[in-house]
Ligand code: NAD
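Below you will find one chain, with nothing else, as structure tokens; this is the form predicted alone, and questions on how it binds or moves follow later.
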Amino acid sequence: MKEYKKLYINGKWVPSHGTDTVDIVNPSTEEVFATVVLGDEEDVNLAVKAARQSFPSWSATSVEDRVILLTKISEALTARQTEIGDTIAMEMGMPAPWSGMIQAGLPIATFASFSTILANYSFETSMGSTQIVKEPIGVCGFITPWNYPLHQIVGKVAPALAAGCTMVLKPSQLAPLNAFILAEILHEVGVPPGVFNLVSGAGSKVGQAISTHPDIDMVSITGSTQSGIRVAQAGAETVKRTTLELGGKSANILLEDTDFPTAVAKGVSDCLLNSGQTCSALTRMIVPAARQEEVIAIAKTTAESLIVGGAFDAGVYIGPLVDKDQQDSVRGYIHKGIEEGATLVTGGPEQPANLAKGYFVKPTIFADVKPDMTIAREEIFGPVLCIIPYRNEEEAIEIANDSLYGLSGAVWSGDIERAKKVAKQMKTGQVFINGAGFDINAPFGGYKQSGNGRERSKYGLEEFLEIKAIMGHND
């Protein structure tokens, strides 16, 4: 069993001031396979001090040097891609082949993308007699989740390094091991001491200390909307910039001229990827009422064809949920859907018959879901899809927008211009048309209670920059 007894602060692995530890449990087997030390407020203070001291020199480094470093990090991650993928598969349960491709692959691509973005970014521009200068904001605090653990970490670390910021990271208690691998890589490629600091720990201690620390200039969190609100409230005491990537209940609108076999099958498989533990998952499939029975048949066949099992079992598409609490929560929502009168198409709250151990939930599909039902309004964060019928296009858009959230969305239509017209009416941060692929260079973030700010792309870089106007520089 692996034991992680030290934190990474000021370029060194140092003993934690905190003495508590947490067991890391493999959700496929329910067995402990690692322990990690939990830091405390004193560890955060030391990390922030190191980040503050290293900021003047790091922020003054050349763009060319930072571009080279970002490229080296991407290459070093590539060298350890299988190890990272397998580690995350053990930590949170995504099937290992998918984990290697997605959980390890996306961070590699993200560092590479910011190398290119940085090389082509203008930090100084002229506006008449005024010079506009964009400067790194300072010391950043990062609070990250367990569902795409390294991807969400790198979505903050890569642009912060590119901008010239220094940082303190608190990874999820449930899946922290990948963050330790990243710290090893950043050390090996030569990120200067104090620029990146890792303090594992509980949100109530380490997260709170980061959110309230007077020497942290900016906090970025990916997590639940409730967590984001707490971080924003805490940060407001010192007027920090906060970027929030929070929950979602994203709509997938199928117009009546859609290729239904293709759209429904992709909609189901996309929703159930990572066992539904994706903030941007398309969990509401909004379909023409006259075609609902056809949709149900395709959805049922698709869901039942997907193999459920342990992260290292052959052919598995749907692994376990991350822990017992998450399993219980998702099962509670399934019970709620049945109680409120939705039609259970497939799945249900019971443990899969062939899996005695592990935090598994059957892929579950509900039909005849009404927009005011709990399962249509709240983020379930599990392998549960709601099929919601509509009468006309206007009602479909109304249902899609009738949500506290606005993170992602999709539209399917045989007429691309019609799909674009609908997409522009959806109050959400991104929309996929006719199954378009994920774009690592596109900005990501939400409307409404899905958060504020953007990650990835030049817009993600700009979250870490302050704007200064110097008047009369041409006089």
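Note that the structure is a prediction, hence the values are computed from the model and not measured. Numbers for residues come from their place in the sequence shown, where the first is 1.
The form predicted together with nicotinamide-adenine-dinucleotide (NAD) exists for this protein as well; it is not shown, and the discussion that follows is about that form.
Of the stretches 333 to 341, 246 to 254, 303 to 311, 76 to 84, only 246 to 254 has residues with a heavy atom within 4.5 Å of nicotinamide-adenine-dinucleotide (NAD) in the predicted complex. nicotinamide-adenine-dinucleotide (NAD) in the predicted complex is not approached by residue 393, whose heavy atoms all lie more than 4.5 angstroms from it. nicotinamide-adenine-dinucleotide (NAD) in the predicted complex is approached by residue 145, whose closest heavy atom lies within 4.5 angstroms of it.
Although the partner is absent from this view, residue 111 stays clear of nicotinamide-adenine-dinucleotide (NAD) in the predicted complex, with no non-hydrogen atom inside 4.5 angstroms. Contact check for residue 194: no non-hydrogen atom falls within 4.5 Å of nicotinamide-adenine-dinucleotide (NAD) in the predicted complex. Within 4.5 Å of nicotinamide-adenine-dinucleotide (NAD) in the predicted complex, a heavy atom is found for all three of 207, 221 and 444. Scanning 100, 358, 203, 347 against nicotinamide-adenine-dinucleotide (NAD) in the predicted complex with a 4.5 Å heavy atom cut-off leaves one residue, 203. In terms of contact with nicotinamide-adenine-dinucleotide (NAD) in the predicted complex, the residue from 407, 410, 36, 70 that brings a heavy atom within 4.5 Å is 407. Residues of 263 to 298 placing a heavy atom within 4.5 Å of nicotinamide-adenine-dinucleotide (NAD) in the predicted complex: 279 alone.
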